[in-house]
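Quick heads-up: it's one chain on its own, the form predicted alone, in C-alpha cells.
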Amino acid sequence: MDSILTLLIFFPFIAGMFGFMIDQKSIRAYGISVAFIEFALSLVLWFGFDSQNPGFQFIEQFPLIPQYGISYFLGVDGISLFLVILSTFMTLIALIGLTIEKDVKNLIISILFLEMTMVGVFVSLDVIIFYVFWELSLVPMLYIIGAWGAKLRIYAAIKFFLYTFAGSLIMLVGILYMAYLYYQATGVWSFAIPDWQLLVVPFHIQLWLFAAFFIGFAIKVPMFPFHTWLPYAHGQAPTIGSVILAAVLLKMGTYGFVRFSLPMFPDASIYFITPIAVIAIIMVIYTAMIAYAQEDMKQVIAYSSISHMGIIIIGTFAMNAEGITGSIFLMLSHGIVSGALFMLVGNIYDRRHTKLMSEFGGLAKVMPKYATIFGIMLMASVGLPLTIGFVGEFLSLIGFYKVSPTMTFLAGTGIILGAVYMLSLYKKSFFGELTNEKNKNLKDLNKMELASLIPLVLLVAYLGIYPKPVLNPIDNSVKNMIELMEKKSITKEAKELIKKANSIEEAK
C-alpha cells in the first residue's frame, strides 16, 4: 500500500507500452485486462482508505527539484478518492463496450495513456506534477478525436486543444505567482498543495489569482461562454472518446475549483459567488433549451452534459458542506450517467450509422433491452428520486438555497427542462409506429454491450437508494476544507457566510 498511488498512475502507461508488442487479435482482451487490474487496484485503495480521516492518505513524497520546492508528492482524501475510482471504472467500461475496428491497437494504447493522466491529476499534491498530468491529458484525447472521429474531427480536435491549452497557460501564470507569494511569506519555495492551502493571501491578490485559476478550470468544465468546444468534441469524437470526455475529463475542472479555488482563495470565491452563480444558471437554462432544439441524439446529450455541469458549479460555490458534498457526488453520478448515455447512442449509431432522431421511432418494439436501459439512464439524468442523479442534484441545490433561494429556484428549472428534452428524445426515438424499414431488423444489445451497461444500471440504482458509503468520506473531507476556509478568511463577508453555513450544519 506504500506505493499504490504510483502503481495506479504508471501501471496503465507501462502496460500500454507493452501493448505495442501485442497482436491486433489479442489487443482488445489485453486492454480490458489491464483496465480491470487498474480498477481492482483502485478498489484496494478504497478498502484501505480510512473514511473517518478527513486528511490526505497514502502519501508518497520525495524531492525532484528541491531548490524550488518541486517534489513527487501524491495523496488522496475523500474528495479525490472516488474520482480516481470513477476514472478507472469508466475506462474499463468504455473498453468493454468498444466497437471500433480501425487501428484498434493504437486506440487502446491511447486510452491507457489517457487513464494514467486522469489518475495523475486526481492524486497529485504537488502543483507542478498536477499541471504536468493536466496538460498531458490533452495529447491522447486530441489524438483520439483527430484519428478516430467523424468528418469534422480535425476541426473539433484543434478547437478542443486550443481552448483548453490557452486556459492552462493562464492558469500556469497563476501557479508561478502563487509559488512566488509562498516564497515571499516563508523564505522557501514550495509547490505542495497542503502548504498553499495554509497560506493567507491578501484579498486584492486573491482576486487576480482566483481569476487565473478560474479561466483554466472554467474552460475545462466547460462554463459559459467557453462551452462551444464541447459540442464539437462530442459530436466528432468516437463513442469511447465521448464517454471518457464526459465521464472524467470534464470533472478535472470542477475538481480544480474544489481543490484549489475554494481553500486557497476563500475570500475571492465568496466575492465572486453571484457572477459565478449567474453563469451557472445560464449554463443550466440556455444549454437545456439548445438541447431541446437538437435533432441529433448525441448533441442532445452533449448540451445536456453542459447543463448538468452548471448544477455542479452551483453546489461547489454554495460554500457549505451540503452543497460541496452534493457537487462532488454529482460529478460521480454525471460521469456514470452521461457515460452510459453516450455509449447507448454509440450502440445505435453502430447499427444505423446515423444519430438523427427523425431516422428512428418505435425502437422499443425491436430493441426492448436497449429501450429499457436507455429509459433508466434517462430517468437518472433528469434526477428521478431513487436514482443516482437525484442525490447530487438535491444536495447541491439545497446547499445553494442557503445562499440565494431565488437563484436556486432558477437553477432548479434546469431539472424541469432536462425532463422535457430527454423525454422528447425518448418519445421520438422509442415510441410511435415503426415506419422506417431500416429499423425493423435491428438487433438488440449483444453480450458485450450488456456487460458494459448493466454495471452502470446497478450503480445508478444502488447509489440512488443508498449513497452513504460514498457520501460519508466526501463529507468528512469537505467539512475539514470548510474549517480551513473559515480560519483563512480575512474579509468580514467571507467569515460571516462560512460561519453561518457551519452553524446550520452543527444545528442539524
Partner chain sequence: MLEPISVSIASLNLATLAPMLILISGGLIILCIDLIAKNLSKQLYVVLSILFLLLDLGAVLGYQGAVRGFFDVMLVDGISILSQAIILFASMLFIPLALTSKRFHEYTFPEYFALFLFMISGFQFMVSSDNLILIFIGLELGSLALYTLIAMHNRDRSFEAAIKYFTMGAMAAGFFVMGALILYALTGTVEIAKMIPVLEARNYDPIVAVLAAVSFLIAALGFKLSQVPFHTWTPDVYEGSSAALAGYMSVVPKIAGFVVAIRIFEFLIHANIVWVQYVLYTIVVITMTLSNIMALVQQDVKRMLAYSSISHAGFVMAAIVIGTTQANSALFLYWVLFLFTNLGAFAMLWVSRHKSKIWHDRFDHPYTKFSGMISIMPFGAVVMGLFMMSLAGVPPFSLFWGKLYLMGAAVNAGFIWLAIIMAINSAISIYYYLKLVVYMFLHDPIENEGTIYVKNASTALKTIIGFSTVVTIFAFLLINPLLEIITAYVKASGF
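Keep in mind it's a predicted model, so treat the numbers as computed, not measured. Positions refer to the first chain, counted from 1.
Quick note: we don't show the form predicted together with its partner chain, though the next part is all about it.
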property: Non-hydrogen atom contact Ala29 with its partner chain in the model of the complex at 4.5 angstroms; result: no
property: Pro263 within 4.5 Å of its partner chain in the model of the complex, heavy atoms; result: no
property: Partner contact for Tyr177 in the model of the complex: its partner chain, 4.5 angstroms, heavy atom; result: yes
property: Tyr68 within 4.5 Å of its partner chain in the model of the complex, heavy atoms; result: yes
property: Region of this chain that lies against its partner chain in the model of the complex, out of 140-148, 313-321, 386-394, 249-257 [heavy atom, 4.5 Å]; result: 140-148
property: Contacting member of Val382, Ile128, Ile273, Val201, with respect to its partner chain in the model of the complex [4.5 Å, heavy atom]; result: Ile128
property: Leu207, Met289, Leu434, Val132 - the one with a heavy atom within 4.5 Å of its partner chain in the model of the complex; result: Val132
property: Contacts with its partner chain in the model of the complex - residues in 166-204 whose heavy atoms fall within 4.5 Å; result: Ala166, Leu169, Ile170, Leu172, Val173, Leu176, Tyr177, Tyr180, Trp189
